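One chain is shown next in structure tokens, namely the form predicted on its own.
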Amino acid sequence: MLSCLVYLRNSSPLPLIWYVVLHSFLMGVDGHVSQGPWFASVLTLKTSAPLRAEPKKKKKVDPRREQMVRERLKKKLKKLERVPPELIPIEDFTTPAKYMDETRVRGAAQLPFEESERRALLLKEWSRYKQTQHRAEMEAVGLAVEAQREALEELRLESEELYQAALRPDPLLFPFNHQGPSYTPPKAQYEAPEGKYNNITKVYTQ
């Protein structure tokens, strides 16, 4: 150890006071090397923290206590089986609270003057077009009815039998079958067929 200090003194330009402090730190009061954590003897037994730990003791399981716990669990399961199943809420029948607010009113959009005038003129033009179309249809129907009446009068002058045959309706002209509503009671076990839809119902687990 002294040789190391001499080597440090000759090779390092440190002040002499530092070598004195280092010598007093490494050497004991009586001049022997102190046994510290930095300088331990080779024969010293080194142990780490895990080796000094005490092994974990296993708890002794009481069979009676374990049996009592099992019986308690069975009783809880039986109580749960007695409770009726919780009904699944139907969200389609429940109106959200935000939609029930009476103050929630959607106001009409304020259109500029040019757009409102354009829509008004377009509506008037559409009304004139539909009125002209309606008059043309009524005139065509009137001409057809007048021609039919004149044809029947001429047919009656020719033959009364053909005139009566022309007045009878032709069932094969427009084939149409219709069955009125029945007065029998509905079937109790009848299930109405469902159409195509996207199922977005939430799944609840008991």
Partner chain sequence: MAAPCSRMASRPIWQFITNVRRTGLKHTGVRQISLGSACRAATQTRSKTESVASPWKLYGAVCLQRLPVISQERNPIEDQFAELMHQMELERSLLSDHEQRLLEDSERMTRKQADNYDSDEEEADYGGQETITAQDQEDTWEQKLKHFQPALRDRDVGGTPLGSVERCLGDSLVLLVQQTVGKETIWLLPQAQWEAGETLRQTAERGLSSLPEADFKATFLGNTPCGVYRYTFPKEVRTERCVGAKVFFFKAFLSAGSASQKEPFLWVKKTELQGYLKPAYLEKVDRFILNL
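Quantities reported herein were computed from a predicted structural model and do not represent experimental measurements. Residue numbers count along the first chain shown, from 1.
The same protein also exists as the form predicted in complex with its partner chain; that form is not shown, yet it is the one meant from here on.
The partner is absent here; in the model of the complex, the one residue of Leu87, Leu77, Val83, Leu122 having a heavy atom within 4.5 Å of its partner chain is Leu122. Under a 4.5 angstroms non-hydrogen atom cutoff, its partner chain in the model of the complex lacks Phe93 among its neighbouring residues. Its partner chain in the model of the complex comes within 4.5 Å of a heavy atom belonging to Pro181. For Glu146, a non-hydrogen atom is located within 4.5 Å of its partner chain in the model of the complex, even though that partner is not displayed.
When its partner chain is considered in the model of the complex, Arg106 lines it closely, a heavy atom lying within 4.5 Å. Contacts between stretch 88-103 and its partner chain, counted in the model of the complex as any heavy atom lying within 4.5 Å, involve Lys98, Tyr99, Thr103, listed in sequence order.
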